[in-house]
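For reference, the chain that follows is the form predicted on its own, supplied as structure tokens.
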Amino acid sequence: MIPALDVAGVDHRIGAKSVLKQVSFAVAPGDFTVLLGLNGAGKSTLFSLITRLFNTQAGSISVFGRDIGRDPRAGLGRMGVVFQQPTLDLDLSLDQNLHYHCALHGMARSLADERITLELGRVGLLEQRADKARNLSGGQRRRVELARALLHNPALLLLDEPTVGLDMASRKFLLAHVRQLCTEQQLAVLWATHLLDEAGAGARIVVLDKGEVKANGSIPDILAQAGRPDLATAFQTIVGLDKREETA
């Protein structure tokens, strides 16, 4: 099976600082993969490379077998993205924000209306379609950003710390909705977070620490590698938090 996302030997430097070091992992169709790392681990830099905000300096990144460095349009057209920083235009209505996204993807008006109705309905915001984005809560805005990322039917969804600053109910909704898409539509998902409880049963885990992949596999694989009984203590062992605490 061709991976939805294949990151192979990626290095990246910002000035003299090495931010990513030989990062390699793959995400298969239908996989919910959690990129787990502390703040500053390199998660957002990696997302910037996958989405072509930064150019790849070394290694390769492929989306369904197409190298995004050589053929960026083919890769970017098959992915949806929810960035860490909010990106809605607060002075536009939800409908206007989403139609703008559809226009960027060359969608006909009739198809855009159909897709917007579907995705806003899925996140429970269809009745707010005409409201300005600034009138929504933080959790509702995130739902709109998720709906927008799905309008063009991507096969790969990237979410960079999507629940930061949200209340528990909003976090649970986003997680449940995205995981349901993995199951029902075989959507491949890369979900970056520093929150351990977002890596639920059945998730694949990529532990990124100081720009390096320290572990990669199912939760049972991660526990076995660390020799720990739960993900919290396994993560602490893998990234050396337990040693840091001992020497503090």
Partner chain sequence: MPLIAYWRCFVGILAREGLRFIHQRERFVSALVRPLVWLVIFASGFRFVLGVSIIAPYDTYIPYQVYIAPGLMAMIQLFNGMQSSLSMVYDREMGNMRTLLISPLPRWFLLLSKLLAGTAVSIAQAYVFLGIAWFWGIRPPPLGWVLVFPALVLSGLMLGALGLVISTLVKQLENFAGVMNFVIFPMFFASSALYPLWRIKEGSLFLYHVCQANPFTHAAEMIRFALYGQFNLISTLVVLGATGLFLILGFIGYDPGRGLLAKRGGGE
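Remember, predicted model here, so these are calculated numbers, not experimental data. Residue numbers count along the first chain shown, from 1.
Below, we turn to the form predicted in complex with the partner chain, even though it does not appear here.
Note that among 98-106, 123-131, 172-180, 136-144, the stretch whose heavy atoms approach the partner chain to within 4.5 Å in the model of the complex is 98-106. With the partner omitted from this view, the residue of G217, G30, G40, G200 that lies near the partner chain in the model of the complex is G40 [heavy atom within 4.5 Å].
Though the partner is left out of this view, R148 does reach within 4.5 Å of the partner chain in the model of the complex, counting heavy atoms only. Using a 4.5 angstroms threshold between heavy atoms, L53 counts as touching the partner chain in the model of the complex. Contact between Q186 and the partner chain in the model of the complex is not found at the 4.5 Å heavy atom cutoff. Residue contact check for S48: one or more of its heavy atoms lie within 4.5 Å of the partner chain in the model of the complex. The partner is not shown here, and in the model of the complex the stretch 193-214 never reaches within 4.5 angstroms of the partner chain through any heavy atom.
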